[in-house]
Structures are given as C-alpha cells and as structure tokens.
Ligand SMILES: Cc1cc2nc3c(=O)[nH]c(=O)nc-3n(C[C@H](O)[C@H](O)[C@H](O)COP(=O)(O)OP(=O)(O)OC[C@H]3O[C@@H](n4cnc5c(N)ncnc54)[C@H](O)[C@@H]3O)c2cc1C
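Just one chain follows, in the form predicted alone, and it is written as structure tokens.
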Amino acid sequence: MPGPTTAVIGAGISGLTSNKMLGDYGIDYTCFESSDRIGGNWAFGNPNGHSSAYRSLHIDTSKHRLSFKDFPMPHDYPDFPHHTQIKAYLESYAAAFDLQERIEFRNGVTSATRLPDVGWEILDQAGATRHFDLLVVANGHHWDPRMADFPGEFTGESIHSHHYIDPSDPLDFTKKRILVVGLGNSAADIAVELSSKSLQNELTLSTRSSAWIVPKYTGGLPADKYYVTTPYLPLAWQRKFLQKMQFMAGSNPELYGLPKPNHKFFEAHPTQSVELPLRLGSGDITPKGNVARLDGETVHFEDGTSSDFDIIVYATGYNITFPFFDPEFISAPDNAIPLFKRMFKPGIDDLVFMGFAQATPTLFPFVESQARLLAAYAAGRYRLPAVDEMERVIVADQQKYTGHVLDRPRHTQQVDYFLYEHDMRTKEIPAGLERARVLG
C-alpha cells in the first residue's frame, strides 16, 4: 500500500471512521485498541474502563443527525436509540468496511515518542516496540472523570457519573438521600432515574452555571431535525433568533425552580431532557444552586441552606488526557489544546488528533468530516499551510466557535458541526489539495 505507515490509537467512533477512510485511500494502518471490543464510550461495560454508558442510556441526538453519511442507521431504529443499538450500529459499520482485521485488540499504546528525524516509536501493551510514519490519536475524551473541588470533606459515598450503571450498581441507590452535582445530559438522566418514587429516594440536583433545558421533540419530530446553522447568515443573527425562540420551547430552567443561567442560550451546551422538567415540577427533584462547602454528611449551598446526604453523584465532566504522551510534549491543561482544524498541532506534521471536540449537534458526522481530511493528507492529496498561517486560523476558529461561550473546560472544544463541515468541504480540503499540487 502507498503512503505512510500509520498507527491509530483507539477503536471508538473516531478511530473507526479514521480506519475506514484510511482504508478507502489505500493507506497502510494499524489500529491499537486496549479493549477486547470496538465502540469505546458506546461499549457498555467496556473492560478498559473507557465507557461512560449507563444501563438505561439512550442517545440524546436523533438517529437522523447521528448517522454517518455513507452508512445510514437502520430504518427500524427508534428516533433516539439505546446504547446497545448504537454499539450494534458501530459493529455493522466495522463489518461492512472490513475494519476488524486491522485492529489489534487488547493491545493499546503504552507510550508514543516522536523520533528525532521522522516518525514515531510506539511501545504497545504486549511490550513490543513499533515504528510508524504517522500517528493518529483517537483515544476519546469522555473517559477520565473530572471531579468538583469543593471545600471541606464529605463522609458519605461519592462517585462520578462515569461509574454509574443503574440504581443497584455500583451502590445501592434506594431509600437514600442523594445529591447529583451538575446539569448536563448525564446529570439529567441519572437524576430522573434515581428520583423515581419506586426507589424511595430523596433527590437533590445542584448546579453552578445552570443550563437551558431543551426538549427532544418539537411539533412531533425530533427537535434536532430543525437545528441547522448556515454560513450564509451572520452567526450572531442565528444565535439571537434561537435565543428568542426558547420561551416557546420552555427551556428556561427558572420555570422549574433551578437557578437562572449565568449565560444566554448558545453560550453553553444545552441539556436535552423531556423528563427532568416534569420531575422538578412534580417535586420529585429538589433544585439547588452551587455547593458552598462539605461538612461530614452535610452539604452547604451558596443560598445559605444545607441538607444531609448519603451519596453524592458528580456529573461534572471529563479531562482530555493522553496517557501515552510525555505531558511535557503534549497535554491539555483545563481541556485546552489548540489544534488547526481541531486536528493538527502546528510544527508537528506527523501527528493528527481525531474527535477532540464537543460538536453540536453530534460527534459522529463531525469525525467523519475530519477523516476525509486525514486520509487525503496521508495519501499526499492535502498539504498543510505554513505554521504561522495555522496558528492564525486556530485563533480565528476558536473565536468563531467558542468566542461567545462560557470560559469553562467543558466548552474549550465547542464546535458547530454544520459550519465546520462546510468549511472543510468547500474551503480547507480544496485549498490543501491546491497547495499539494503547487508545492508538492
């Protein structure tokens, strides 16, 4: 096969789409996967510990937005598939494009070191040293839990939502006083599940920034079918229009007793939930603002109130982590890692990152868009711009995608898929093709 010998770290969504596109372009690649299965975050009970899926999890994005362009989801799937169906979909994707044969299971990458001249030296889990020309990092960013750092000490049980499975695993969540910290999609799902009267719990939901709560259905259709941004109108206009529409959607969390958001709609990732407003409105969940401090089994809140709890569930996000790199070489403090087109570190042209974005509305077609550029690059059909131009574009893109959002680790990688894909398809990939034609 022509092109550089390529190593892909991870066989989740980002790794699979990378593998598929590299194979389409005839690139010699090897995929390293620490688990015994594909799917990464969507492999429920993944033995490598990298899945954050809980037993009842359904995808928050509808199948209409989730499908890969060259491999639609089955017609008989529901609008919002269960995690087992997402895993089955990925298995079918891998089988359709013969991806399994080039994945080395139970053999992740222990360390990756850039060689002085060119290429990479990789130490795999089997203890073998391997050499590759190009390294593709697709190890995901929803597996290293980030905990809240509150003053004091809590003497009850504490877990991160990453480890939550169901009301009996890993703890007995019945007849308990439970505090869920956070207001993202996982926090909403877990709070709804554990507030069921059949479990006889007392559940409190605490949030620092609050969040706009958007419905999954509008007018009888999945709400995200209406969501499309366009590069042909000023983004500020589009955002303002959608902000104005939120009063009709009932997205304001104050309607349900939660604190006023410290941001406008679109300035932070919204939370999708049909049931959370109902549970709040029914009194099954007690809404609270931020935690002020911990004191034994007592939690004090910033509003001056306090309550006693048996369990705290922290649904407080994840760190972007690269355990195989020397932190002095590559790291992402506060989840910030400046990358050209969210893929390339300027000055290191034999390293490509895949899937490190909080893409709206979903990650699946986003990484598929990235994979097209990756494969063209590996095949010599795309050339990167000069380093100073890459750095200029990084700043401009960051301002475009995150200049209007809260300055939080959760939002450092925010990106609008529709704008990103349009830019890649109509501008960046053609421009890189022309650079390759002229400059080699």
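Residue positions are given as counts along the sequence shown, with the first one as 1. In this text, all values refer to a predicted model and were calculated from it rather than measured experimentally.
Only in words, not in the display: the form predicted in complex with the ligand, which the text now covers.
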item: Complete contact of D172, P270 and Y314 with the ligand in the predicted complex (any heavy atom, 4.5 Å); value: no
item: Among 293 to 301, 356 to 364, 240 to 248, 199 to 207, the region lying within 4.5 Å of the ligand in the predicted complex by heavy atom distance; value: 356 to 364
item: P259, P346, G119, G108 - the one with a heavy atom within 4.5 Å of the ligand in the predicted complex; value: G108
item: The unique member of R372, R383, K63, H50 whose heavy atoms fall within 4.5 Å of the ligand in the predicted complex; value: H50
item: Partner proximity in the predicted complex: F32 to the ligand, non-hydrogen atom cutoff 4.5 Å; value: yes
item: Contact of N41 with the ligand in the predicted complex (heavy atom, 4.5 Å); value: yes
item: Contact test in the predicted complex: Y54 vs the ligand, heavy atoms, 4.5 Å; value: yes
item: Non-hydrogen atom contact N19 with the ligand in the predicted complex at 4.5 angstroms; value: no
item: In the predicted complex, residues of 135 to 151 near the ligand [heavy atom within 4.5 Å]; value: A138, N139, G140, H142
